[in-house]
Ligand SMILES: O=P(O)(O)OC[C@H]1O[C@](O)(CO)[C@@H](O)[C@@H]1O
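First, one chain by itself in structure tokens, the form predicted alone.
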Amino acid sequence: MLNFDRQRFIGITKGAVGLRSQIEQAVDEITKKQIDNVFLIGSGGTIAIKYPFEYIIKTHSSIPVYAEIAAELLVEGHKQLTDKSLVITSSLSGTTQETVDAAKFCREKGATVIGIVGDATTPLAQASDYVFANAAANDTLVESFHLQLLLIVLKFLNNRGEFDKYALFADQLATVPESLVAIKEKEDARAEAFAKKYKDEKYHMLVGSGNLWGWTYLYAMCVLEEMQWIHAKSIHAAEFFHGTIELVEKDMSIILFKGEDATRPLMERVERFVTQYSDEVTIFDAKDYALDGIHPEFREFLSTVTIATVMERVSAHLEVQRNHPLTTRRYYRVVKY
């Protein structure tokens, strides 16, 4: 496959699930304390990666949960943030300033802070009470972080008596790295065809919901806009018919990300509409991909990592077809702002 190192990918994803025992030990320690709420904090792609877990906690637990953009939290504060809060944050580089500052801010409030990083020696790691490190890169960030977050969040819910099948799920999660490689192999030709067809497209509309809303936001902003300088709009399926509907035209590229959670009917409603009025609708459906060893009841938790692994193939081909490396930036971490 184009620009794909199988062993590297397997090593990174297995590294993420391999943190299981370390994560379980930490979560067991944390849940001995009184935890009144959970804060999921990040910047850019790392707050987008947290949105599925806000959804999971809201739909599987009674504990209050807040997904907060680091920079906004720093300027406005949060009355619910106390010494009884659990904070989960992440930065692959471990140096994202707003995220590091937010972790420090939360610790000053007495909150317990978990930091997910690529390197345990970085500033975010030093600003956290518990650190989980797994070396990765931008093309594997979502898979690495998502797998770790699944273990952290679902173990936490298990300890609260709200997810009694955690052990079974965690056992099955070990099979996911090989399944993701198989998905990449299956979708590579389709990804190349998409990149060739849309290499000169000026604007994409992306729609998602539920577990996949965060990914929709991330792919539009962090990949199409930041890495490819393509105009894109991310829209939640529940809001599509309240404004965005009027932008649909016959030649508009519309990308739908369909998951397997309770919000799927919202996506199906959008699909029925856009396929009537646009000839350029592309659907990526988590339900289409095999996850050997994963029970059907757990598949909804893996929609993000499944679609992310497919779209990595699209990104790899886009940079070649557009002659625009994914690492090229004009402003981000290039100039002061």
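Quick caveat: nothing in here was measured; it's all calculated off a predicted structure. Don't overthink the numbering: it's just position in the shown sequence, from 1.
Beyond what is shown, the protein has a form predicted in complex with the named molecule; the following relates to that form.
- With the partner removed from view, the residue among Q126, Q172, N158, S93 that has a non-hydrogen atom within 4.5 Å of the named molecule in the model of the complex turns out to be S93.
- Distance criterion of 4.5 Å from any heavy atom to the named molecule in the model of the complex singles out C222 from the list A232, I235, L151, C222.
- Within 4.5 Å of the named molecule in the model of the complex, a heavy atom is found for not a single one of S61, F163 and D261.
- Contact annotation: Y332 falls within 4.5 Å of the named molecule in the model of the complex, judged by heavy atom distances.
- For the chain shown alone, D119 is not a contact residue for the named molecule in the model of the complex, no non-hydrogen atom being within 4.5 angstroms.
- Although the partner is absent here, E226 sits close enough that one of its heavy atoms falls within 4.5 Å of the named molecule in the model of the complex.
- The chain is drawn here without the named molecule; in the model of the complex, the stretch among 39 to 47, 306 to 314, 23 to 31, 278 to 286 whose residues come within 4.5 Å of it by any heavy atom is 39 to 47.
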